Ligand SMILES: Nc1ncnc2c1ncn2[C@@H]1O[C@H](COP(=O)(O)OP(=O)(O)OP(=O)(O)O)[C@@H](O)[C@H]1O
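In structure tokens, the next block holds one chain alone, the form predicted on its own.
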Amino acid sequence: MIDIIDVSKKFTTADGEVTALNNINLHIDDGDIFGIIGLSGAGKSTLLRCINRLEDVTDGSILINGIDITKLNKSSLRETRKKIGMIFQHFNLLMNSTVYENIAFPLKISSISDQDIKKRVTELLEVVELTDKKDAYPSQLSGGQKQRVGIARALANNPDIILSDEATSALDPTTTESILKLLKNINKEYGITIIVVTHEMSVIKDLCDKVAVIENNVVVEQGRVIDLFSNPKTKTSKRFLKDTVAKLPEGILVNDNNPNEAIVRVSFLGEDANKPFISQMVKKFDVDANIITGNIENIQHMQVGSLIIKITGSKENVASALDYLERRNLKIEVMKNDNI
């Protein structure tokens, strides 16, 4: 269990003091795959580096299983870090060492016997499906294979936590999919808590259970991934979800002053995706409904989607139809020309 409490981080530069993190509060349960998403410069990588104290916080506390790592001495911190694996965007492999030697490196510096190192590395090569590459050098590997070596190295000391810093951003979509599948399998098989920093919403959707959105060094939204996709609350979340949340096509304008017409975004979750709420609304209130656009995705085995609908009829019937949709526990947003 990880508790990040009132964490701030400031850097001193030639131009003065810069705030990288501002009063961050997060709770991450054991076994979670927790995503941290934000634009470049938002502070997400700095937060990740604070969790294993590659960066020291300016204020606040970071508790891992009840122990405040911000207060550990060097010796205790070294022991704690053995249980925190790290996966990097650009792999950070030893280019003059073989795959076997790269994976063995953290075990050697932990004074593990050669026999135990051989056993552990052999196990990990099987986990990441690189048994046939154990004697290869990084220059002989593809990007996906390099990241698999990085994942195996992060697993070497049987960590409780893995920190992943943009681990797929240098990979093509097919390779990214295979790496995300590997991380999900590792989480399921070993119960390791995985914290993923990314600027790709597809990674959050395909991998994570929960997510925090960081904007300008502040957490602006956090919760279950399914809730973020079905009901994004902040402009930052909506920006990341612009390809998922239905939006008005270019050229279609909303007549805000026409009481006989409403263009609404209807968001739904789970079983609501299969309910005939539009046809029932049309029959019940004598209105016409035209579906302008829509999108449905399957996230964590649950359907999440949104439709943009133009409803026309008498003023009273249009108002009653909107009220009906809201009473069906659907999220209704009356569109304006400045909506995304």
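Small disclaimer: the values here were computed from a predicted structure and weren't measured. Numbers for residues come from their place in the sequence shown, where the first is 1.
Separately, the form predicted together with the ligand exists; it is not shown, and the next lines address it.
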Residue among N298, N290, S40, S279 with a heavy atom within 4.5 Å of the ligand in the predicted complex: S40
Partner-contacting position among E215, D160, E166, D206 - heavy atom within 4.5 Å of the ligand in the predicted complex: E166
Contact segment among 306-314, 44-52, 22-30, 61-69, judged by heavy atoms lying within 4.5 Å of the ligand in the predicted complex: 44-52
In the predicted complex, F11 touching the ligand (heavy atom, 4.5 Å): yes
